[in-house]
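Form predicted alone, single chain, as structure tokens, below.
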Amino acid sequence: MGSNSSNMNHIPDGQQLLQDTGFSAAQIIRLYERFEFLDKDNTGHLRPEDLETVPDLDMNPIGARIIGAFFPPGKETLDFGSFVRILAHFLPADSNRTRAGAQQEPANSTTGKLRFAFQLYDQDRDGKISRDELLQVLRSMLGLQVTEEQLQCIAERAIQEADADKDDAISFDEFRKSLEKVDIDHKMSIRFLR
């Protein structure tokens, strides 16, 4: 562990990230190496184009939306701390071990994971998933496998089932309720290297 501590000294905000995210020192060091690899220009920041080189994202039908989740509106670059804090959403829920003294709910809690997933749909960030936003995701995921009419039916049914307040959109609370029986912790977890 001594070597991990000394390696952490050259990582920007390394100790704070250790406290805030639930990642171990070895995981943060590995993520820093990956960040540096993706940072082809050696600027200390990533751009969307840098993340597009990740094969799993490049091949994912909603890869562009996932990449967009790393970059809030108006932000064109991503520093290492932000990179790690976003990836913390994908830590298994049992990884909350190092968050002593943290004030807010961990990113890898069920609610944190759901908020992250919700924003992949809510592209205009108005707090609701509209029929058009849902259709955009369905088109990306299902593409040519189904007709436009079938996509419309799927979107209509999803909204009808989730839209408790009948405003023809899905709020975060409705989204969360509609996914109560889904094991979000499992579906949105990546086993990071220890």
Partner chain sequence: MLPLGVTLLLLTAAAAAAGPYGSAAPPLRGPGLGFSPAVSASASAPPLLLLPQPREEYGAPGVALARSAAEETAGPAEEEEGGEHQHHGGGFRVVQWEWSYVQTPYIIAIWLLVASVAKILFHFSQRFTTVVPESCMLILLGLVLGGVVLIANKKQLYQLEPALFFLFLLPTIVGDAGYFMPARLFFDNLGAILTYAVVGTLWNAFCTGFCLYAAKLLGVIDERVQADLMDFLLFGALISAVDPVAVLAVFEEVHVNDTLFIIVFGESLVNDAVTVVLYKVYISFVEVGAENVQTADYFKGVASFLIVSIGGTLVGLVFAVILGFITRFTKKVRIIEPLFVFLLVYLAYLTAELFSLSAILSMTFCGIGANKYVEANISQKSRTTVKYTMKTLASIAETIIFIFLGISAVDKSKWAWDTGLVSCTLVFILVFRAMGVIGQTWVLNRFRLVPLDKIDQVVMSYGGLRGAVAFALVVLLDGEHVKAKDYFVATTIVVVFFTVMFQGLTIKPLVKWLKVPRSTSRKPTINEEIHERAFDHILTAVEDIAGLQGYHHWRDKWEQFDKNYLSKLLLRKSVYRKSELWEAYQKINIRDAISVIDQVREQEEEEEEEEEEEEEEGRRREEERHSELYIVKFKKTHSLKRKG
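Positions refer to the first chain, counted from 1. Bear in mind the structure is a predicted one, so any value in this text is a computation, not a measurement.
What follows is about the form predicted in complex with the partner chain, which we do not show.
Contact check for Pro55: a heavy atom falls within 4.5 Å of the partner chain in the predicted bound form. Using a 4.5 Å cutoff between non-hydrogen atoms, Phe80 does not count as a contact of the partner chain in the predicted bound form. By the criterion of a heavy atom within 4.5 Å, Leu51 is counted among the residues contacting the partner chain in the predicted bound form.
Proximity of Leu87 to the partner chain in the predicted bound form: non-hydrogen atoms within 4.5 Å are present. Shown here without the partner chain, the chain has Arg30, Leu31, Arg34, Leu38 in 23-44 lying with a heavy atom within 4.5 Å of that partner in the predicted bound form.
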